[in-house]
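Read the single chain below, which is given as structure tokens and is the form predicted on its own.
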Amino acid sequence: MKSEEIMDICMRRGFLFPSAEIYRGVAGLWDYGPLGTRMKNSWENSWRKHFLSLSPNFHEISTTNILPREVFEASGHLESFNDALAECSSCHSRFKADQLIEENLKISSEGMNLEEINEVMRDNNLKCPQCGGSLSAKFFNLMFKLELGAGESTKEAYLRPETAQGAYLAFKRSFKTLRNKLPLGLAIIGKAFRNEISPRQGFYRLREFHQAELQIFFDPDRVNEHEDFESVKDKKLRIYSIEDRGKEIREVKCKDLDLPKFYLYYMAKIQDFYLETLKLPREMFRFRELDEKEKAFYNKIHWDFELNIESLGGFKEMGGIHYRTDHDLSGHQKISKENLMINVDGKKFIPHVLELSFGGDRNLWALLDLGYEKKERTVLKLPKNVAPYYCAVFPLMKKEELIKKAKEVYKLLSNEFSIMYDDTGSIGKRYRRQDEVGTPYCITIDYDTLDDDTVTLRDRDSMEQERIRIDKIMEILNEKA
């Protein structure tokens, strides 16, 4: 299977490792190895560069992973952040109800309540996969509960199930610090934690995972305007709306869609991130509209963006763009008793929020899947800006004079690019190793280098080689980047 082949590369080459592997690991917990960490950091930096540059009033903040109970009472997580858990009456094994229904009955339980889930399992005689016993569903809260302090001072707290709440809690002080201007964007890149009932699909659904989110606070009276909308109005978005279910993906110009201009602008910029920044094939991307049962009750508008991932069986969610209205700030104002209303040019109101939410880990898996190719060789055709290494430097043979020159070239390039040095094994094996980890370019130093200061530059995708001068190599690599 493709997923197993990709995971084999990830484990052998240092992208991903099972967490606590020497203790046989724990489902839903993974570590990033040396190459995986480089790739994750590169993806995050590409995300920062793309989205934080959209406005001079977009800023990144870093907030805590642990928050007190009251935060999640205000946000609604304590009441509604649940998954349906199916439990066997005989062996008491527990399963994620929607996975059981989808895998065994080939239907979606999205939007079903508990009564409907139990009815579907009962009417279709769905039994426990372990012992064949009868199943019943109940809700299970996905948050990890903690206790802060000791003795009588103990305080109930939780690991954050999303990064977003940190931005809402930081809004009031950030707004004042940043000179009372809207729209205001607060981005958080960090970890979130969900106690998934039965994590599956490898690296797609985790208990500890990375998110990149941008919360954009704005005046709701200006939702149908954006100062730069003209630049995207004729851009065609790849959409799969509710009315398109069972049909083909459509390409529709922003100006022809019945959505607010503020929302459409950021849809266009999300599509640009995948198609222009990451250079992914256009046909692999789409927006999918969620219906009333699928989306959270507080989302006035909700479209997911998805990539077609072969190892996961088709289009899968990479994130979402959510018009959350004033749900979050109003909820925190109610519980905290802190006034979160602002005054802009004499107008008092609670800002609305547009959320751009990305799952970091699943985006990385998607890039590995889309880049994986196994024909006469195994290669990861990763985007150049997220590959663990941009280039690798080799001496043709392990000879002192070649090694010395190769290390000079490595030192020349290492301050500018993510670069590795390798002198182990035949040159062919070294090329194959770099193909397998996605390195776009390899630079080989040979005896001609010692005579004329030229090196061989090899392209990962085409395997074509060209001879270039060392004093031009920086310029050429920058052009290719």
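All values reported here derive from a predicted model rather than from experimental measurement. Sequential numbering from 1, following the sequence displayed.
As for the form predicted together with glycyl-adenosine-5'-phosphate (GAP), it is not shown, yet the points below apply to it.
Engineer: Using a 4.5 Å cut on heavy atoms, which of 73, 373, 116, 196 is close to glycyl-adenosine-5'-phosphate (GAP) in the predicted complex?
Structural biologist: It is 196.
Engineer: Ok, 211, 325, 141, 109: which has a heavy atom sitting within 4.5 Å of glycyl-adenosine-5'-phosphate (GAP) in the predicted complex?
Structural biologist: Spelling it out, the residue with a heavy atom inside the cut-off is 211.
Engineer: Is it true that 206, 298 and 362 each have at least one non-hydrogen atom within 4.5 Å of glycyl-adenosine-5'-phosphate (GAP) in the predicted complex?
Structural biologist: Contact check passed for all of 206, 298 and 362.
Engineer: Contact with glycyl-adenosine-5'-phosphate (GAP) in the predicted complex for residue 164, defined as at least one heavy atom pair within 4.5 Å: yes or no?
Structural biologist: Residue 164: yes, in contact with glycyl-adenosine-5'-phosphate (GAP) in the predicted complex.
Engineer: Answer yes if any heavy atom of residue 317 is within 4.5 Å of a heavy atom of glycyl-adenosine-5'-phosphate (GAP) in the predicted complex; otherwise answer no.
Structural biologist: Contact check for residue 317: yes, within 4.5 Å of glycyl-adenosine-5'-phosphate (GAP) in the predicted complex.
Engineer: Check residue 369 for me: does it contact glycyl-adenosine-5'-phosphate (GAP) in the predicted complex (non-hydrogen atoms, 4.5 angstroms)?
Structural biologist: Residue-level check for residue 369: no, no contact with glycyl-adenosine-5'-phosphate (GAP).
Engineer: Contact between residue 389 and glycyl-adenosine-5'-phosphate (GAP) in the predicted complex at 4.5 Å, heavy atoms?
Structural biologist: No - in the predicted complex, heavy atoms of residue 389 and glycyl-adenosine-5'-phosphate (GAP) never come within 4.5 Å of each other.
Engineer: I need the one stretch from 116 to 124, 156 to 164, 344 to 352, 130 to 138 whose residues put non-hydrogen atoms within 4.5 angstroms of glycyl-adenosine-5'-phosphate (GAP) in the predicted complex.
Structural biologist: Partner-contacting stretch among the options: 156 to 164.
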